[in-house]
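Just the one chain here, laid out as structure tokens, in the form predicted on its own.
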């Protein structure tokens, strides 16, 4: 009888009660407010960006109640989740308040995970919940305050990384002021989950009302693509070669544009001279979630990841894609609790469609697919306790 293969969700969010209460206390975006529906029912609505359609999205206990998270996992056969605070994190707070709240929320998340149920498999025990901590990445924060929080996260046993947005301390993630932070994250062996929030300039979407579609389908992945590219161009991976960064939404459009990026760099000697390798090499430094909803997209992304080492300076190996190699840096995710089904009896499409996509990638073996579903996460986050 074969051993049970874990299904691990690495892209799943929570607004912890302390954070939700902060949002309820606010009068400007981001905020949570209680409204009354036309049917007279009281409803909480979340607004995290200006000009959100329909007065924001309805939210409920699934956003902050751990039992609701576990019920969702049970319904969909998810064994383990690596949970992260959903955007906009602490971006809207002054430095001192962000620093204090980061510390408190990291302790809250550790308790949320540490007191969760456990599973036992092959003589080792594993918790059902682990977490990404929070850094107070806001303007005017001191380097020492950031390093203090990195140290805190590294000592909390059920936090295995940290989530961050794309703005850094105000000048993006390619800001040299973050170098001590990258160094500390690399030394601690933490995984960085890079997640979008701001999208791109809303004027790009025109004047017609398309709801959330353009900002979410295009704006979020474009934001991730830009942030990841700036990291490459700034030489962050040359300075910190062991840094482990997980990109949301399968890396946005970066896999599809990586050769164009390399060509543009080659034709710009000022930029080319700053990097040790061809731009395509650095894509192999990233991990990608498998939240792409289609097998062709996942297969292509794994092709791009697999050829990265062939673009190292001085490499002589042939530049041939190997989907098995690329699959080892891809991990299943659901984006829960966003995009719920319309009926309480339905399963979430973000689960079923992403699992179907993994199942149907041409060129992935059953072992490759099991890796994307969970084995890769067990290794990346060192979850076998």
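Positions refer to the first chain, counted from 1. Since this is a predicted model, take the numbers as computed values, not measurements.
One more form of this protein should be noted, the form predicted in complex with a small molecule, which is absent from this view; the next part is about it.
Residues within 4.5 angstroms of the small molecule in the model of the complex, judged by any non-hydrogen atom, belong to 332-340 and to none of the other stretches in 318-326, 36-44, 332-340, 348-356. Proximity of residue 59 to the small molecule in the model of the complex: non-hydrogen atoms within 4.5 Å are absent; the residue sits far from the partner.
Contact check for residue 31: every heavy atom lies farther than 4.5 Å from the small molecule in the model of the complex. When contacts are judged by a 4.5 Å heavy atom cut-off, residue 87 counts as touching the small molecule in the model of the complex. Put simply, residue 195 is close to the small molecule in the model of the complex: some heavy atom of it is within 4.5 Å.
For the candidate set 119, 177, 204, 216, a heavy atom within 4.5 Å of the small molecule in the model of the complex is found for exactly one residue, namely 216. Interface residue among 92, 311, 182, 220, judged by heavy atoms within 4.5 Å of the small molecule in the model of the complex: 220.
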